[in-house]
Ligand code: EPU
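A single chain comes next, written as structure tokens; it is the form predicted on its own.
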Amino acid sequence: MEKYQITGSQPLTGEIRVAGAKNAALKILAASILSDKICRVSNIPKIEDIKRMAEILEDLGVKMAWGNSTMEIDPAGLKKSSPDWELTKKLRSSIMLAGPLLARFGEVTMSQPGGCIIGQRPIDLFLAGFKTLGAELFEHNESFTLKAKKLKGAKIVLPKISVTVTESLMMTACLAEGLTTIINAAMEPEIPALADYLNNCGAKIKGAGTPWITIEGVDRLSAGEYELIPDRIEAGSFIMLGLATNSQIKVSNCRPEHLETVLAILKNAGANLEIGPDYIATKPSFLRGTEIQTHEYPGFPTDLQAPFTVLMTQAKGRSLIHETIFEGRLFYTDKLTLMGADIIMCDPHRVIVEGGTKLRGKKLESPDLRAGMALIIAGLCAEGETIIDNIYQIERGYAQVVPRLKNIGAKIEKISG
């Protein structure tokens, strides 16, 4: 029952360091079981989603050891191909284990995965891809079983761009016999990062980060050490926090090249930014309302739509926010309206924001991971006190939120009750 207590309208200053990428970390953990060798991952964020994935892997027989910012994964004791159903229901990314378990054991049984409720996210593309690689599918009420004596390389044309489907099929194809081609693949930076890890382990992947990926199957993979890339969504969230509070902060340990579209849109809206090789600094700015449309990479990320919407409540003029990826991802704007924002929902995919409004502190509940961070930003902009409940949703993806924000002057505490 812990909550965040925030006192807003306080100046922020200083440096905030970006953690390792959540979405890259979860996929590397899943990929580690393609081998029976020890894998060491550094720059790993200590967040709830990583803990949930570790619990699932430990239940399967994998040994996990945490260091300060490292994790050691020893899959030698991997003993079963059916992850615990209650554990998988807590984590959407648990679906990423299906392919590696299928490739290792020739069989996997899993429950439907859990995760944020932000719209329909069916797993049909995953299952169709596994079938194309030669797996036989058996569907049950709340679970599925895949079986394959030997996976075979194939041409897979994705009808819809999906990051997790691209990554899952790329992992699975590493141990399939022959050549696999994935067409209309996603291009997010986490995909070439995963390919780099797999190639370091002996995989033969080409084209990761483009719409056309080829994987030449190998008999086995080794393992080794790997450093995670910085989290571009966390970096973008902190940049928008600095701009929304009209503060001068330095967002360090990030890769600006992963945020090219976001930075271009922010500059077009009047953001005063200093961009270095591995940092982005915000400065007091006169922001103008602007229009965004979320899109697959390299477009504007859906995961930054909520922080950007909060930012536009502080800009001058009107903004149109068009969410094209998930149909339920704008419903959090009702909470911003309670805080005094002038937002009109046109339909489940579009809202109009009239900027330049004063936000007031309120008692709120975080509906999901990214909207939760947006509410923190709103609370730090607002006059008075904001209480945010259901903070587990936020801590699923952001490590050490309170101490890191306090370090740049934010008045935020974690309280009980």
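In this text, all values refer to a predicted model and were calculated from it rather than measured experimentally. Don't overthink the numbering: it's just position in the shown sequence, from 1.
As for the form predicted together with the ligand, it is not shown, yet the points below apply to it.
Using a 4.5 Å cutoff between non-hydrogen atoms, residue 208 does not count as a contact of the ligand in the predicted bound form. Among heavy atoms of residue 380, none comes within 4.5 Å of the ligand in the predicted bound form. Contact annotation: residue 303 falls within 4.5 Å of the ligand in the predicted bound form, judged by heavy atom distances. Residue contact with the ligand in the predicted bound form: residue 93 places a heavy atom within 4.5 Å of it. Partner proximity in the predicted bound form, defined as non-hydrogen atoms within 4.5 angstroms of the ligand, places exactly one of 366-374, 39-47, 53-61, 66-74 at the interface: 366-374. Contact with the ligand in the predicted bound form, judged by any heavy atom within 4.5 Å, is made by just one of 111, 164, 314, 333: 164. Only one of 262, 292, 125, 148 lies close to the ligand in the predicted bound form, with a heavy atom inside 4.5 Å, and it is 125.
Of all the residues from 321-351, those having a non-hydrogen atom no more than 4.5 Å from the ligand in the predicted bound form are 325, 326, 329.
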